[in-house]
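The same protein chain appears twice below, in two forms, each given on its own as structure tokens and labelled structure 1 and structure 2.
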Structure 1
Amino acid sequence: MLQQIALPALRVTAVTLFLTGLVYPLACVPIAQLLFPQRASGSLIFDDRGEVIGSALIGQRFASPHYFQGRPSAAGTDGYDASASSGSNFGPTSQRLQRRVQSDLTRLQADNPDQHQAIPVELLTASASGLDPHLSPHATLWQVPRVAKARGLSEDRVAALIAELQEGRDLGIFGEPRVNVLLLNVALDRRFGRLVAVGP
């Protein structure tokens, strides 16, 4: 009885493991690479010298005032560690959440002395992945006075760039309007010149 079942069970395990665990995913790689070479390889963006700056989909840590900054990140020790994606997983009534929000709040207020509006909540809340590449248009606009000042540009020109780069809802329906912070910062550098990092 058991033998009647055990033998097929063993053979089915082997065959399906081979089919679904090896044949299928390995077959997908060349197909994907052939049809969508850039996207299947991580949507990488390169600088003028051809070196990888990063992935258009993966957020990066920005500390310099002349760059727009993304959301707080719990990935890795310093945030935006792409090899250790993570959310904060702080519960809503977590004291640690309150402390982190407090300290980010203080830092943001100090970094953006000219901005007096309430801080958009995305700038104080950690993303789910720790690698969120986006901000809402509102949260980027909130940073415009700082970035414009650091780059010596008028706020309007910076805001215009944001409007240009803003992504709408997918097909006009899905998701939220957003701005890719990395692409925005790359565009800033391309258009207005790359600044060497200067401490605040």
Structure 2
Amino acid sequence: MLQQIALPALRVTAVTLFLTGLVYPLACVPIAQLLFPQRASGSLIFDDRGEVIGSALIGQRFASPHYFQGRPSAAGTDGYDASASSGSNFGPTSQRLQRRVQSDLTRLQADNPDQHQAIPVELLTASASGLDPHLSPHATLWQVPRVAKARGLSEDRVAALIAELQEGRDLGIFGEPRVNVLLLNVALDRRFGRLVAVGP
């Protein structure tokens, strides 16, 4: 009786694993490479020398005042670790979370002395993945005085670049307008000159 149940179940399991674990991925990869080559390859971003500087899908740290900074990250030990995507899972009463937010608040205030508006909350809070590559237009525009001053540009020119790169809602209804921080920083260098290396 056990053989009559177990053997068919094992055969079905083996066939299912073969089809969904091997045949299906091997069939999908070339189709994706053909239809969506950029996305299927990881949405990699290259600099003018052809070197990979990141992915449009993964946030990274930018510390220089010449660049826009993304959301904080709790992914990995030092943040922005694509192999350890996660949030901190700290609750609002967590002392560690409060210390981290206070530290970021102090840093943002010190780094943006010409900005007197309230700091957008997304510049203080990590996303669930810790790797969100986007900011809202508001959080990006909040950083314009610092970036414009560091680069010797007018705020209007920097804000105009943000407007050019702003992404709308998916299919016109899903999500919110957003700006990809890495693409914005790359565009800054290409439009106004490379001042320092893109990255940390």
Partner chain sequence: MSMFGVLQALLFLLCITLLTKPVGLYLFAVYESEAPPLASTLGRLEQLLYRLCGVDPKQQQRWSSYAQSVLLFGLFGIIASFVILRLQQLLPLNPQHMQSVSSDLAFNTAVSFATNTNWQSYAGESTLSHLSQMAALGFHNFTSAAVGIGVALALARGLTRKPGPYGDHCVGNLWVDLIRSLVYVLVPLSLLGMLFFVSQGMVQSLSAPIAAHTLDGVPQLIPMGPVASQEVIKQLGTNGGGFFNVNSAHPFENPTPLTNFVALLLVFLLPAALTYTYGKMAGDTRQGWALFGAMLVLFVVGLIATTAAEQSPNPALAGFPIDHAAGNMEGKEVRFGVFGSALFATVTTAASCGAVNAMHDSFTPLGGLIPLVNIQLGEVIFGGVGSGLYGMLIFAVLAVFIAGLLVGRTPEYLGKKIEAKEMTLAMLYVLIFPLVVLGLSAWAATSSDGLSALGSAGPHGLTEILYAFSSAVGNNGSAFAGLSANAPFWNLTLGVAMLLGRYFMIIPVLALSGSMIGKKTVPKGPGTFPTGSLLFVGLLIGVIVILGALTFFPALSLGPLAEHFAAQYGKVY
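Fair warning: this is a prediction, and the values are worked out from it, not measured in the lab. Structure 1 provides the reference sequence; residues are numbered from 1 along it. Between two forms, the rigid core is defined as the largest C-alpha subset superposing within 1.5 Å.
Asks: Does the form predicted on its own correspond to structure 1 or to structure 2?
Replies: If we ask which form is the one predicted on its own, the answer is structure 2.
Asks: Using the core for the fit, does the CA position of A187 change by 2 Å or more between structures 1 and 2?
Replies: A187 C-alpha, core-superposed: shift of less than 2 Å.
Asks: If you line up the core, does S154 shift 2 angstroms or more at its C-alpha between structures 1 and 2?
Replies: No: S154 shifts by under 2 Å between structures 1 and 2.
Asks: Could you check whether the CA atom of A27 moves 2 Å or more between structures 1 and 2, using the rigid core for the fit?
Replies: Where the cores coincide, A27 still shows a C-alpha shift between structures 1 and 2 that is 2 Å or more.
Asks: T13: how big is its Cα shift between structures 1 and 2, in Å, with the core superposed?
Replies: Its C-alpha moves by 2.7 Å once the cores are overlaid.
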